[in-house]
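As a starting point, one isolated chain is supplied in structure tokens, in the form predicted alone.
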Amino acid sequence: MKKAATMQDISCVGKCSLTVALPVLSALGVEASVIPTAVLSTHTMFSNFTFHDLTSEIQPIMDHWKKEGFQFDALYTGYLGSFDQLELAKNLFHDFGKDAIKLVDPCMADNGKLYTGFTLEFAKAMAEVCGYADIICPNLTEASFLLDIPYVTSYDEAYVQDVLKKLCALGCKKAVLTGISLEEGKLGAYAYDATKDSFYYYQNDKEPEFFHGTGDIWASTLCGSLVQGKSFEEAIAIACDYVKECIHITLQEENHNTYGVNFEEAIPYLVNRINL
């Protein structure tokens, strides 16, 4: 059975990070091992959430894994909340990444702004972690901070391609910009494979609402699809289609909440889509 290890936090209520990575990877037929970086009572959309840092547990977990001889087909990092955790992510890739797909989702910013608590120095350190990855999947805001370039809300295809090439110059082999819209009413992901010097763009009709955690669902789906042998392009399409289906199903519920999508109800779609 294929295996993936993911390093990110867990929110006890709210659909993001490990609470989506685990079930999505499992639905894709991948055994998911976890390195929890923190425990939160809810995700950060809520006020007054509790937070317990688990940084001190991460290296002992990895040391035990090394003693047991564990190996993984993929290593996937999501939200990392400190400089120490960025260094530990490098250790994860160094110790277990020889034969694994290394995926970094550099969760740190959106809508032109860094998340609370993050700095430009943190973004620079995150860029170094991206250099250890095979694939990175930032949104356009995160890309602007990784590259230390101005964030723009208006762009064309040439601009997107230039950003993608600069992202791969950080050291990764492939980069995907999520949340890209090159046409009114459309939304998708634009990718660059530096090993082939080739671009790929996949888009869907844009749904009318935004939901917290869909980026985590997207990255988890990409990871699981790649582990199951799908091509880079196929995995991107599956991730885009699944997230759109999750949002679509959620919007059918008259009194749907706003803190996450009903990704659970869309799992049958994902299982059929992956076609194992």
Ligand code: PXL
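Everything numeric in this text was worked out from a predicted model, so none of it was measured. Start at 1 with the first residue shown and count on from there.
Another form, the form predicted in complex with this ligand, is not on view; read the next lines as being about it.
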Requested in this report: Indicate whether this ligand has at least one heavy atom within 4.5 Å of a heavy atom of residue 72 in the predicted bound form.
Outcome: no
Query raised in the report: Is residue 212 close to this ligand in the predicted bound form, meaning a heavy atom pair under 4.5 Å apart or at it?
Result: yes
Query raised in the report: Should residue 122 be classed as touching this ligand in the predicted bound form when contacts are defined as heavy atoms within 4.5 Å?
Result: no
Query raised in the report: For residue 251, is any heavy atom within 4.5 Å of this ligand in the predicted bound form, or not?
Result: no
Query raised in the report: Among 55-63, 39-47, 238-246, 225-233, which stretch sits within 4.5 Å of this ligand in the predicted bound form, heavy atoms only?
Result: 39-47
Report summary line: Picking from 190, 79, 93, 145, the single residue whose non-hydrogen atoms come within 4.5 angstroms of this ligand in the predicted bound form is 79
Report summary line: The listed residue (83, 115, 202, 199) that reaches within 4.5 Å of this ligand in the predicted bound form by any heavy atom is 115
Query raised in the report: Quick one: which residues from 218-236 get a non-hydrogen atom within 4.5 Å of this ligand in the predicted bound form?
Result: none
